[in-house]
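Okay, so here's just one chain, in structure tokens, the form predicted alone.
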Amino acid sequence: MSSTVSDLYRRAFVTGASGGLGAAFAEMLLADGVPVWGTARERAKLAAITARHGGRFTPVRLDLADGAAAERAFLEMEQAAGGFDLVINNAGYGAFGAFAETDFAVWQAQLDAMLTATLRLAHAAQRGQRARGRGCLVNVSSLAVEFPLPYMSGYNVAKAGLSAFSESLLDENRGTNLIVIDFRPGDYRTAFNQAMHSTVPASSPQGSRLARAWQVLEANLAAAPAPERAAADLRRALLAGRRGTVRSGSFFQARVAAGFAKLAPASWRRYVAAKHFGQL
């Protein structure tokens, strides 16, 4: 096993690097000697990490709301850098609300950004890595793939789609030097909820259920581990040459709950989830 990620990868591109898991991933790679090109919708949000690491961190303005522009930004940086042999698709956001009571444009925008635009970046990344004959693509999905979050249907669909996409690439890349990781984090103590798009009409007939679900989501994040644990889990996976699904989070979420999801009947999983989120 290699001792540092820089033994394996020379340049990394990380989306959503201004905070949360993305910032933790970027800091981990920089600590291991890997230059990082990190993105945010506003370059100003990357000022602190840029100041800490000087020329080893390159800030990139990239907004997944415009997939074509995001792809152009990636290709421009890739050409200037000489290729990215490690690409981490991390950027995303939550939207909280009852599906039918929320304007469909909210869900459409989330799927366009978190699934379609992310696949567009992955397409560009894979073309470059295939041409060079090596590389690693990390798609950050979620344990919500196994335990969907209540009133976050767009997020659940986007993450499940991203996991299915990673499985497709694993098949396509079999027997090559191209590694694909479906990284599935559980709850981490970040500003995810504070940044979430929430649409809960005052007249919503599901108002009390929405409120209970939100309280549990908030409590889960408050009690969750720091994002540095996710970065450490990803680092171990990279150093070990792991491919496929890598779960990360608290012992209960990443081990106990994940094991339960594999073995228990679907009806049991749904009941446990509904009970946990106060939906019964």
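A residue's number is simply how far along the shown sequence it sits, counting from 1. What you see is a predicted model; the values in this text were computed from it and never measured.
Here the subject shifts to the form predicted together with a small molecule, a form of this protein not shown in this document.
When the small molecule is considered in the predicted complex, only one residue from Ile49, Ala254, Leu221, Ala213 comes within 4.5 Å through any heavy atom, namely Leu221.
In the predicted complex, the small molecule stays beyond 4.5 Å of every heavy atom belonging to Arg229. Looking at Tyr188, you'd find a heavy atom of it within 4.5 angstroms of the small molecule in the predicted complex. In the predicted complex, the small molecule stays beyond 4.5 Å of every heavy atom belonging to Gly154. Although the partner is absent here, Val34 is not a contact residue: none of its heavy atoms lies within 4.5 angstroms of the small molecule in the predicted complex. Within 4.5 Å of the small molecule in the predicted complex, a heavy atom is found for all three of Lys45, Val140 and Phe192. Of the candidate stretches 169-177, 74-82, 141-149, 99-107, only 141-149 has residues with heavy atoms within 4.5 Å of the small molecule in the predicted complex.
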